[in-house]
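Consider the single chain below, provided in structure tokens and representing the form predicted alone.
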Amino acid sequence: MVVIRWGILGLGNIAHKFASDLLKVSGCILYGVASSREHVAEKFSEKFNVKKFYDNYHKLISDKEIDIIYIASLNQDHFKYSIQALSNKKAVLCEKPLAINQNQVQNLIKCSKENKSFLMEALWTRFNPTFEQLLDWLKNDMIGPINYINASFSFNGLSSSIDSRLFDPSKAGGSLLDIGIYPLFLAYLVLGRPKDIKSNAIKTTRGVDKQMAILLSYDNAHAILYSSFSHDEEMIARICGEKGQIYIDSRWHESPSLTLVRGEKRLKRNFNFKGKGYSYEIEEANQCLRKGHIQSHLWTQKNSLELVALMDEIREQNKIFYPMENE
């Protein structure tokens, strides 16, 4: 088996979780990491026994020993570092959102194709066993035609400073791109692109959304979606069809369990995740690289493009714009 050599760019909280899971995956190693602060990179490398650490992102991107880079920087930098990596013939697994708007994603896809370099958005939920079970039940028509989806993602971030990345437009802040992408992803994955979108945001004084309500309309279905930094909630996702329902337990985007309900019958499935759950997207990326693919068939580049197009429309409806979009 070819050993895949990984690098991580940006060493915040999510990078720690990702690195911990990567060590549980066979056939790959964490070879190099980079932070803008050398002491952070050094400490991270010691914690995870990484061979190389850099205080400069370009040094990591230029390292010829690295096959694939996980981009874990803040939202506003996803495009910049992903396109640099792709241009250096590096495979890229970029944290969601892949980029902040449709134009950026289109340019990433073009760069991926031109350089024959793998590119995938790190929507880790898509690859875990819970979602594989969900899609299997839907494929086998276990709940019949779907007519309703309800999903939310909320946590109380109001204690954060007004300068927090959550509320900073210069960092592509707001609940939609940060967490609202998950409910939107669920509706898109199950029902596809909607006929109509209606949305309404409650915005901060800095012009980003602290709450976002979304209604997607289809020929015979609706999806009611919500994201918020204003409060905590249970976060159970519901997919309802003419013959039954599927409930994904709290917190649904990372839940190891879901339940199929048909009349009085209930069937629950529980899964023991390998690590936190990032391991499954890592395994998918490894497999794609070994096969020479530039994208995954489970979550394609077209999927990422269509998902960000929905977020573009929602932001347009609510007049939410980021300064870097004009650069």
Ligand SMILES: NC(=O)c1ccc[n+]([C@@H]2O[C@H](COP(=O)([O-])OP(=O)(O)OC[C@H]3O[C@@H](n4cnc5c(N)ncnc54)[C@H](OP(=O)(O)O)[C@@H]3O)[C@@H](O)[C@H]2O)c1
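As the structure is a prediction and not an experimental result, all values here were calculated from the model. We number the residues from 1 along the sequence you see.
The same protein has a further form, the form predicted together with the named molecule, not shown here; the description that follows concerns it.
Task: Full three-residue contact with the named molecule in the model of the complex, heavy atom 4.5 Å, for His222, Trp299 and Glu306 - done: Judged in the model of the complex, none of His222, Trp299 and Glu306 sits within 4.5 Å of the named molecule.
- [ ] Could you tell me which of 283-291, 30-38, 257-265, 59-67 sits within 4.5 Å of the named molecule in the model of the complex, going by non-hydrogen atoms?
- [x] After filtering at 4.5 Å, what remains is 30-38.
Task: Residue (of Ile236, Leu189, Leu135, Leu74) lying close to the named molecule in the model of the complex, criterion heavy atoms within 4.5 Å - done: Among Ile236, Leu189, Leu135, Leu74, a heavy atom within 4.5 Å of the named molecule in the model of the complex occurs only for Leu74.
TODO: Considering only heavy atoms, tell me if Phe118 and the named molecule come within 4.5 Å of each other in the model of the complex.
DONE: Looking in the model of the complex, residue contacts with the named molecule do not include Phe118, since no heavy atom lies within 4.5 Å.
TODO: Would you check, heavy atoms only and a 4.5 Å threshold, whether Lys96 touches the named molecule in the model of the complex?
DONE: Yes, Lys96 is a contact residue.
Task: Exercise: Lys203 in contact with the named molecule in the model of the complex, heavy atom 4.5 Å - done: No, no contact at 4.5 Å.
- [ ] Indicate whether the named molecule has at least one heavy atom within 4.5 Å of a heavy atom of Arg126 in the model of the complex.
- [x] No, Arg126 sits far enough from the named molecule in the model of the complex that none of its heavy atoms falls within 4.5 Å.
Open item on the list: Under the 4.5 Å heavy atom criterion, name the residues of 189-212 that approach the named molecule in the model of the complex, in sequence order.
Closed with: Sequence-ordered list is empty.
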